[in-house]
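Shown next as structure tokens: one chain only, the form predicted on its own.
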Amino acid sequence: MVKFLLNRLAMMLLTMLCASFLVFAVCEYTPGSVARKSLGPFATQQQVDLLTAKLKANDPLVVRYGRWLGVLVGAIPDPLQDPSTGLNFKDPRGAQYFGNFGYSTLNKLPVNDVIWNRLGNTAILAGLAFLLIVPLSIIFGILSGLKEGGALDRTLSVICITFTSIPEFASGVFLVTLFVILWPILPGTSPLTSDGGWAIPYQFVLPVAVLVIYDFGYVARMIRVSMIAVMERPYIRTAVLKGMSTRRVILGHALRNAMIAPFTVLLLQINFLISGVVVTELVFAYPGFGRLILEASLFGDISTLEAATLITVAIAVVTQLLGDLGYMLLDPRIRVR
């Protein structure tokens, strides 16, 4: 187990390094000078020239990447906070610390002061949605997989396919029309403030509903397919012939084995719920991580984009590690190998 974890951690570190280099290279080679992209569109030409010299922007790409990585890990101070540049970029943590993502030209704040708050908001939204997606998907998947081709299977399959085929913006507009305009019982936006007269818990209802409607059907279909395959195994037939109750067969033998394949699918939903909910956050004006990425992209906030991409990759590799550990817990044969 220790060797396995060390190998996985080494692969995670290598993945993060490769991803950070690709992100840095793409941002460097987009149109416009590095200094201009760092300072934003409203900086003077004198500031741009000064920062170009300070950043040594004419150095080779690998050298500049090493310098950027040094700022990120706290090995060297952030040149944007050097008083000689004449810029008013100040970070209360100082110019040299681990996890220094730089300065956001969009929000006029250090990236760390913006991105973690937005990520926390999205984590709350994702957590609430995930708590509903998992049990709904398991229930629908099991009920559909028990009697393949039956009336219940067909009905639940139609429901899952229909919900999955509805885009997020469409279901969002439909729910707003229904519960905000026709029956005004819920807020139409979710700014996470009480200024509009709605308590914050009410503001989560519609965004969470949109995510659950869009996502649970796909996961339920994966569980259904796995459940059908497991129910045809010889050990299930043997348990039934021995007189074991249906509940015990399902909970004691079928469910655990049926969840081995869909386990990865469930973990992939974490990546989607963290970084793929841009549409939902935009429809409901939710101050989340996905909306921050969109705003930074439109404005050209390179520092925020680089930080958001690295965080997204980190979440992906961590969920992959959790998936491998989950496989080992669900299937003892993997541990033996």
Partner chain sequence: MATLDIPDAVQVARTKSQTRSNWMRIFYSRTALVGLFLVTFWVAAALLAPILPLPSPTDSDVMAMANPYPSAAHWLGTDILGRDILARLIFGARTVLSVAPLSVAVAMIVGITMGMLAGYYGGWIDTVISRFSDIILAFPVLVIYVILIANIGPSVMNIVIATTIASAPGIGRITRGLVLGLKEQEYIAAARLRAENTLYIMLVELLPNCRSMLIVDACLRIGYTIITIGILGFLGLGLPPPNPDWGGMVKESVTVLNVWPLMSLIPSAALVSLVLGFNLLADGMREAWKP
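Numbering follows the first chain given and starts at 1. Remember, it's a predicted structure, so these values are computed and weren't measured experimentally.
The next section is about a form of this same protein that is not shown, the form predicted in complex with the partner chain.
With a 4.5 Å cutoff on heavy atoms, residue 202 does not count as touching the partner chain in the predicted complex; it lies far away. Using a 4.5 Å cutoff between non-hydrogen atoms, residue 118 does not count as a contact of the partner chain in the predicted complex. Contact annotation for residue 168: at least one heavy atom lies within 4.5 Å of the partner chain in the predicted complex. When the partner chain is considered in the predicted complex, residue 287 lies well away from it, no heavy atom lying within 4.5 Å. Checking 134, 152, 181, 73 for any heavy atom within 4.5 Å of the partner chain in the predicted complex turns up a single hit: 181. Screening 214, 101, 140, 89 for any heavy atom within 4.5 Å of the partner chain in the predicted complex leaves a single hit, 214. Only one segment in the set 109 to 117, 189 to 197, 91 to 99, 215 to 223 has any non-hydrogen atom within 4.5 angstroms of the partner chain in the predicted complex, and it is 215 to 223. Of all the residues from 145 to 175, those having a non-hydrogen atom no more than 4.5 Å from the partner chain in the predicted complex are 146, 148, 154, 158, 161, 162, 164, 165, 166, 167, 168, 169, 170, 173, 174.
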